[in-house]
Ligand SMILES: Cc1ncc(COP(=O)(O)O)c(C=O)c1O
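Just the one chain here, laid out as structure tokens, in the form predicted on its own.
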Amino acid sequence: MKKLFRSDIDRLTPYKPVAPFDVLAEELGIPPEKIVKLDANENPYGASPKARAAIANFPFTHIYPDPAARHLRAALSDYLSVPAENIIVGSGADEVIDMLLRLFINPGDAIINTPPTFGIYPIAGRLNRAQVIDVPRHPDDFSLDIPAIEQAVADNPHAKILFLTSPNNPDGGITPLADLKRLLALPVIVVWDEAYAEFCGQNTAPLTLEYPNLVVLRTFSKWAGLAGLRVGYGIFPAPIAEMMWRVKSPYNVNVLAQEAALASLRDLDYLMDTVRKIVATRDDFQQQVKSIGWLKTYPSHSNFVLAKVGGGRTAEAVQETLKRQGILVRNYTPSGLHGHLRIAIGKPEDMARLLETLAGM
């Protein structure tokens, strides 16, 4: 049987997601309501009331979804100030990334990755037969090494796609628009992933109407609290959008996901209020965590912070101690970011519990 598999699959490293919430609760012997889940950048306030009502009251789950997500794309057009024709919706932004790779990558082509950043880019790239060229970020502040990116493209005639994330995951830093525009001069598709845009107020979607090689990715998972429903989307220059329909699965976004996302856009006052709460809690947490001398956090423009563990402690040990107390954070040591934890921002009481536990270590 093994000889029938694609020859390169056994060399691929799968993406390592966080464990399911109910599984962790059972493993720890702690009731789910007692667990503080700060390991996946989820919105602690959940979906909006209108989105919940839309899911509860939707009567047509026996009917296939609109493959073009027309109503949702029309609402996104108003939200982003771009034509609906330039928007493609996916089952999470991950699917849109995969579609892009299917559209552009021939075996042997290359993508440019800028680690540390979102881990799905190299995995999806290799799955689609792309070479992955890593151009590391500056280690002090995780900003992009612009000259090195330009050199990597110049040195690799098969480079097709450059992946950039702003705010970047896992550090929360933003890339100046001047740097983006400089990199758009390169002869590659620039994928600008702004999954956390609502937390910093940026909207680069209209730039896709000016730059023929710019793709912008967004999601409802973070700010709108729909991570479990998987709704992401991309904004594309018209020629790319037209070709994306040829690689998209016909019924890729289910009916409840479409209805919940549409309802979310009709409940912006509620959702943006939760965004403001998360940002205020983040800023307060970063101020208070300064009292813990062995933990350093980096400036963040998102709904999480990256923390460097010091003082003779290890990130693994800190994560495990927190876990035993029912507090879940993400350890980045296995992925090459040695000694760092990523902490999603929960409700104020969640962060108070985290701070109290850290202070007692």
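Residue numbers run from 1 along the displayed sequence. From a predicted model like this one, the values you see are computed outputs, not experimental measurements.
There is another form of this protein, the form predicted in complex with the ligand, and it is not shown here; the text below is about that form.
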| item | value |
| --- | --- |
| Which of 154-162, 269-277, 91-99, 138-146 lines the interface with the ligand in the model of the complex (heavy atom within 4.5 Å) | 91-99 |
| Heavy atom of each of 121, 219 and 230 within 4.5 Å of the ligand in the model of the complex | yes |
| Contact assignment for the ligand in the model of the complex, among 258, 213, 169, 202, heavy atom within 4.5 Å | 169 |
| Contact residue in the model of the complex, from 76, 224, 191, 195 (heavy atom within 4.5 Å of the ligand) | 195 |
